[in-house]
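In the form predicted alone, a lone chain appears below as structure tokens.
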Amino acid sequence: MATGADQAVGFGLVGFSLLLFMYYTIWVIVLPFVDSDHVIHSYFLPREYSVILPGVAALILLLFVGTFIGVVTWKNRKPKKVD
């Protein structure tokens, strides 16, 4: 069973992910249908970043996953037997 601290961290991460998802969804799906001079546009970055930021995040994720796999593979290799 998870401790109270683990549950608090889990709820925090879920809440942060939900807020991030809602922000991105409004930014990409709703904002194109709102007039460009509306005040809500001041709370969002320019639309170009809606493609650039997830792309950079995906590259960083792939870098970390590749590094993790490389380190685990390097540590688990067996030395060659000399006959």
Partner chain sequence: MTKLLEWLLGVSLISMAWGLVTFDLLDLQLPPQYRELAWPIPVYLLVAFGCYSLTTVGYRVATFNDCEDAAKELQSQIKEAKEDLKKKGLKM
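Numbering follows the first chain given and starts at 1. Because the structure is predicted, anything quoted here is derived from the model rather than measured.
Missing here is the form predicted in complex with the partner chain; even so, the following discussion is about that form.
- In the model of the complex, residue 7 approaches the partner chain with a heavy atom inside 4.5 Å.
- The partner chain is not shown here, and in the model of the complex it never comes within 4.5 Å of any heavy atom of residue 37.
- Contact check for residue 33: a heavy atom falls within 4.5 Å of the partner chain in the model of the complex.
- The partner chain in the model of the complex is not approached by residue 61, whose heavy atoms all lie more than 4.5 angstroms from it.
- Of all the residues from 33 to 59, those having a non-hydrogen atom no more than 4.5 Å from the partner chain in the model of the complex are 33, 47, 48, 50, 51, 54.
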